[in-house]
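The chain below stands alone and is given as structure tokens, in the form predicted on its own.
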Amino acid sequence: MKINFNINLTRKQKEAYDIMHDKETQFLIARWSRQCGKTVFAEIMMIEYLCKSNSFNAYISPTFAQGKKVFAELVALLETTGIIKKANAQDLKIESIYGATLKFFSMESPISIRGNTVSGLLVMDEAAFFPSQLPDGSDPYYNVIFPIIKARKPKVLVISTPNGRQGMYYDLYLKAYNKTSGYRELTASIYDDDLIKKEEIEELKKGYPPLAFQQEFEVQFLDNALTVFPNFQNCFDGKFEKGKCWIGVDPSSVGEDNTIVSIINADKQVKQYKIDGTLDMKYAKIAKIINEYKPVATYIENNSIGEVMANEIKKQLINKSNFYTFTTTNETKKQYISLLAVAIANNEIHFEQDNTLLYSELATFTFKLTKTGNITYAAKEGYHDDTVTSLGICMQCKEDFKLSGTPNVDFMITSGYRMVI
């Protein structure tokens, strides 16, 4: 069977394709800029290996959301070709008519990766954003990834923009850079992109702080990972003890976003809950948490679905008088991100060691400049920041209601809170 997808490979994609077919190369460590076709190239390789008889192939991303996106794109590309025998969106698994399987995994659930044996192709996408260690303190590469490739020695495509001089991706890059047998590296900055004009690059530059542009588009390994919260890893050292506390809720109804409840106590120990289920189930679960912890005050973001959720949750609260909605704007976000950044920088806040979702979202929370020169904070493109937003709102709640359920005067003037009616 011959299939034509009408995809014209760029010069760097062609070079990467040749390296992946070099018999002496097992690992290709691709250091690629944003907008240079990283994911497209990975999808091309995955399609090729779905056409290889009886191979088991795997795609690993930092987050489930990213894996779901690539799964959907592949299914859409292949649905009219007759290649797909079965595509399971629940298990994120594609089976081809040739007996090949492609399974999607996430480093948010490393335990699901263990026990598999990859025989064809392993793709590690945005590998620089894999956690540097697992919740149990073990190494993600040698304890999760290496065991699934050591027996059959498949081709391994490790592809990412940089994220500091640390972690698995940087270690693998150094192996390739130092010409370790079986390893090759390929660098593609924004200046290697055949499809972007010089004036477009200059326009991109205006929208990013210099360090952000150097990392994201010039693919430089900076001394520290480019996150609003450098050295956040040091704060994953705590346990949560009940007592006086404040709560922040970042709600969602449907879609990829998560509903997160954050709790911070007087010692700045943090506990978070990911709330799943139908809307009615979410109302009940959130109300139960608030009733159990008896916070000084609770903020729930009222953007989008939050206003509706707040009204339904309040009906189930024992104490309804200290429950407030909070409007996230660029200004209020700056306030609570600043509070969180200072606490992390001073190592004054403490996260539970097994909170891998917060760990991954802190690592990918960054900033950019608008055309008017304002700084905006958000997750790196393709990632989520629900745990960070919930925690930031929680921090703001603690700041505003330091001692009691009565907000301070400055807060009443500047903040975006209001009591739920």
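For every residue, the number given is its place in the sequence shown, counted from 1. None of the values given here were measured: they were computed from a predicted structure.
Below: the form predicted together with a small molecule, not depicted.
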{"item": "Residue among K52, K68, R34, K368 with a heavy atom within 4.5 Å of the small molecule in the predicted complex", "value": "R34"}
{"item": "Among 22-30, 386-394, 359-367, 36-44, the region lying within 4.5 Å of the small molecule in the predicted complex by heavy atom distance", "value": "36-44"}
{"item": "The small molecule contact in the predicted complex: E126, any heavy atom under 4.5 Å", "value": "yes"}
{"item": "Contact label in the predicted complex: I111 to the small molecule, heavy atom within 4.5 Å", "value": "no"}
{"item": "Heavy atom of A72 within 4.5 Å of the small molecule in the predicted complex", "value": "no"}
{"item": "Residue contact check: L195 to the small molecule in the predicted complex, 4.5 Å heavy atom", "value": "yes"}
